[in-house]
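The structure tokens that follow cover one protein chain in two forms, given apart as structure 1 and structure 2.
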Structure 1
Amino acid sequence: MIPELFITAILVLLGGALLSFALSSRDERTVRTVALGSAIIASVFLAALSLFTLLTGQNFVFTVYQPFPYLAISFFIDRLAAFFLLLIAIIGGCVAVYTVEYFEHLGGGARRNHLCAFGNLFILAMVLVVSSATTISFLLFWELMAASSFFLVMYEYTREETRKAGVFYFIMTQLSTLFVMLGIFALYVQTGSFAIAPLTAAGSPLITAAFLALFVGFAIKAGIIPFHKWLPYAHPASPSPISALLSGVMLKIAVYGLIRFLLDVFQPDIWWGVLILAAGTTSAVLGIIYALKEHDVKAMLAYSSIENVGIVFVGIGLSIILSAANLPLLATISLLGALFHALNHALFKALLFLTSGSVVHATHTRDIEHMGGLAHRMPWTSGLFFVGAVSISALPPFNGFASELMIFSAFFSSVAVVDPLLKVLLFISLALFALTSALSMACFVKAFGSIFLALPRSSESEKAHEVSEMMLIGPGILAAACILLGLFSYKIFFLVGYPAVIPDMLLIGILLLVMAALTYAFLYFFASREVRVSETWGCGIHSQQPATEYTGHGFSEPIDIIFSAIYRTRTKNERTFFDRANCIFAEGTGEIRLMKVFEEYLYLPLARFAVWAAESISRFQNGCLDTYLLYVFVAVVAVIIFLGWYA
């Protein structure tokens, strides 16, 4: 039953993609609606089968295609795979619902059909990666995912920034595939098979190398600092639903890969956990600090994704450390927290990307300084964005809090770890984790405040209007999921067989409602009920003007100053004078520039090295026949000598 449902879902997705490719010359809404509709139907199937697998805990293995004895395309769905299938299904379905109308507002004519087709292929590739039973099919579909997402990012290829983003994205995503391939190859050398099965030998350098290669490959795809730079370029460049898929789902596929290999293949050492924890903490803190500085709403959300994936990595790393320290219960809580946060982040980040897509559509700008006052003009969108903002700021009783609470409690109880040095490391990581969560609250107060509250700061923002229904229904489902997953987190974990890993959030929600209702009732009977809408005091000005508002820049200025050492701003002040004593000023320039630390010190040197190496090698290929004959001669002589030596 489950395999058939799975195959049907895959065929429906593939059918939608092929139809859209076949009819790519016809710029008709029907074609796109059918393609997106097939994505929605496939999502429903996938959600059903993954929910069934999650609740019953059954495993399914089935082979579909076997061209060579060693190379079987077979699928394996267990609880872990089903969990990520559910994630893909929910986000994919909601994004498709949103996109039905969003694409009609997008320029590009019949190329939008390609967008639908590649979108379907992208979702399909992610589904297949998650359900791969062998490392070789994992790698194959991993590459399909990378390639199809590249075309999605490059949609608006005529724009300069998109092309830059595309190049960045392509190189990073191929590097990721390269490292994953190296890791899988090392595993093959070690075991002689492509099966995802536990390693019998442990501790050999080859296994460590395999882990490191896989870790780098997954970290690049997940946007872990310092491999994160593609995210803030690719997200603003691609259409909003695509950003939602990239950030909400694709990053989680990397998380899936890491967890799958750690749980089912390796026997992790404690230092692997420390490495993952350190990488996660760094990403979390730096990600949110950079997000605060960002005024392009989509780049801000991209940096915030880096932060949240960092939190997921913190949970994974912590879980490895705890299980190595023989605390299996805490390790489980931490890993469940990481998984739950992956799902939650997918939900609220897709919600935020979709609603910010609506905002960008309504205001024609991505700069939050030119927005404002949209709460009155787009009441539904603002409400949905608000749910996302509260969830991502980890406030009770929403879902973002539930998962962070689990990681926090694992941290708080992790002091039972024996090694004192490890304890200190855990405390430092905990402190930084706390800083992250407080800064993300600041970041989303700023985002919501600048985008939706106060007065509009541009004429476009003034003229903005609410978006159509489908663009509210998609995010609406996600918002409902955010609230329900938070409130019923206790029940959900109880249902899947992990009781008492989290306090009952429903109780807190009910208590909050009761207290608010009691207060309201008290005020209704014992206080004045008069309300007046009138200009409030604004330091003696006649009426409030947009120019006097606190801007987003202004809002984050104190944090900029406090963390100026991390931002690495570079102040330039060049002046020329008419006289020697430097008294009579002629002209000059002054600027405060944010240094792109990682780009300037890591990416560009590496890129220059690659170019230099390529140039050195290309000197051998000079197009002259004589030289090539010489190469052949030298090679033959070398082979003869080599054979003579060993024979």
Structure 2
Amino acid sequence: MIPELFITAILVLLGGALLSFALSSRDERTVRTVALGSAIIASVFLAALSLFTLLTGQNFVFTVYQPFPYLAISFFIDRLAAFFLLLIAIIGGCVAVYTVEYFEHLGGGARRNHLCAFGNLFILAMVLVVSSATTISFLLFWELMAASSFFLVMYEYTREETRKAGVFYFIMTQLSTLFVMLGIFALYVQTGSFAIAPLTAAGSPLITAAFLALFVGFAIKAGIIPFHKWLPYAHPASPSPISALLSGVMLKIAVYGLIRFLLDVFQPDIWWGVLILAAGTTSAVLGIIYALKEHDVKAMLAYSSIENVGIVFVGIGLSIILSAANLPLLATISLLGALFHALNHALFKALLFLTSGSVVHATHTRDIEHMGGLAHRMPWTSGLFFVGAVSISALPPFNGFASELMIFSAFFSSVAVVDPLLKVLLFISLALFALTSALSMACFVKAFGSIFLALPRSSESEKAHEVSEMMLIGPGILAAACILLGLFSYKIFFLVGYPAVIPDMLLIGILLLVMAALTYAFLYFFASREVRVSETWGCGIHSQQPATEYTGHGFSEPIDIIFSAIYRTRTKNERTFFDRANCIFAEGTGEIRLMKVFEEYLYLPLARFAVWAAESISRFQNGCLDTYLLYVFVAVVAVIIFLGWYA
């Protein structure tokens, strides 16, 4: 049954993509609705087979195409693959429901058919990556995922911002593929097989090189610092549903790849866990610090994704360290926490991207400083965004709190680790992890307050109105999932065979609800009934104006000052005076610019070196026939010497 459901889902997704490509010249809503409907139907099939596999624990292996005895396109679905297939199904289906109406408000005419086609192809590629049973099919579908997502990012290619984002995205995604390919071929040289299977030999330099290559490849795709720079460019440039797929799902495919190879191929050394933990901690802290500085809502969510994927890497690295320290129970809790947070982040980040897409659609701006007052104009969207903000802030009893609590529990119990240096490392990582959680809450208090509260700060925000029902259903499902996964997290783990991993969040939720009800009842019966209508005091100003409101920048400024050494701002002042002594001021301009540290000190120097190398090599192609004959002669002599030496 499972192979049939899987093949059916694949064919439905492929059919939707081919239909959109075939009718790409017809700007008709029916074509897009059918393509998106196929994504929804395929998501239902994938969710069904995933839940069956998760609950029963059965594994399924089947081969689709085998041109050679040693080379096959095979698929393998176990609990790990089923978990990520479920993640793809939930996010892909909800995004497709939202997109049915969203794409009709998007410019581009018939090009929107291409968007649907590449969207289906993108989901298909991710499904095939997760279920690949061989490294060669993993690599093939990994590149298909990269190529299809590139066309999605480049949808509005006429904009300079999009073209710049496309260049960043293309270079980084191809670097990711290159490193994954190097890791896979290093494993092939070691084992002589493309199967994803345990290594018989461990500790050789080639295996270490394979791990490092795969780690870099997956870190680039996941947006781990310093390989993160494509996210803040790609997300603002992409349509909001595409951003939801990129951040909610594609980043988790890199997480899947790392976990799959660590569990099923390698025998990790403890320093591997230290490396992953350090990379995750750095990404979590710096990601949320940069998110606090952002006022572009989609760029802010992109940096927040860097933070949350860093948290997932923290859980993975901690699991390896605890496993090496002979603490298997704590290692299991840490790994489960990482997986659970990957699912939770997919849910609330897709929810936040979709609701922010509704806000951008209504206000025609991504700058939160030009929003405000939308809670009255878009009440349903504001409520859904609020659920996502509370979930990502890890407040009980929502799902973000449950998954982060599992990782915190593993940290708190890591005092059993004997090595004092490891204890110091774990305590430092724990402190930074706690700081990350606090800063995340501050970031989304700022985001929700600036976007939805107070008075509108632009005419567009003042005229905004609620989106259609189809653009509320998808985010509504995700919001409900955030609440239910938090409340019933204990029962879910118990159902799949991991009891006592986490406290019963349902009980905590009931206690919080009772406390809220008692507080409301007390105020209702004992508070004064006198009514006084007046404007909020505004420092002596007679009437409140949007310009006098507490802005997002003003809210985060104290935190920005604390981390000014990380932000590395540049201040530029230009002044002119009426007199030669520079006493009577005429006019001036001031600019405070945030330095793009990784871009200016890492990416651009590498780009300049690549240009220099290319120009140097190009000098060998001078157009002279005699020179080319000399190259051929030298190559022939070198081949003869090589063959004679090794014959």
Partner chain sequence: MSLDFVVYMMVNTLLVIAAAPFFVSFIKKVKAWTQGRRGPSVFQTYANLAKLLKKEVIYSPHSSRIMRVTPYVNIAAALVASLFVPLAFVPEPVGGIGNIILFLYLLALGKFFMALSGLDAGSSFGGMGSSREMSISAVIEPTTIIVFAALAFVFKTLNIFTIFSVTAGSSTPVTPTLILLGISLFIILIVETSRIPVDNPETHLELTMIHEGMILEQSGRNLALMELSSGIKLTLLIALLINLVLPFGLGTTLTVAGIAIAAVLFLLKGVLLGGIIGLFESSMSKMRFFRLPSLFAMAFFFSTLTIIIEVFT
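Think of the rigid core as the biggest set of C-alphas that the two forms share within 1.5 Å after superposition. By convention here, residues take numbers in order along the sequence of structure 1, the first being 1. Not measured: the values here are computed from a predicted model.
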With both forms of the chain shown on their own, indicate which is the form predicted alone. 2
Tell me, please, whether between the two structures the C-alpha of L606 is shifted by 2 Å or more, with the rigid core used for superposition. no
Quick check on N582: with the core superposed, does its CA move 2 angstroms or more between the two structures? yes
Shift in Å of the S528 Cα between the two structures [rigid core superposition]: 4.2
What Cα shift, in Å, does I640 show between the two structures once the core is superposed? 2.4
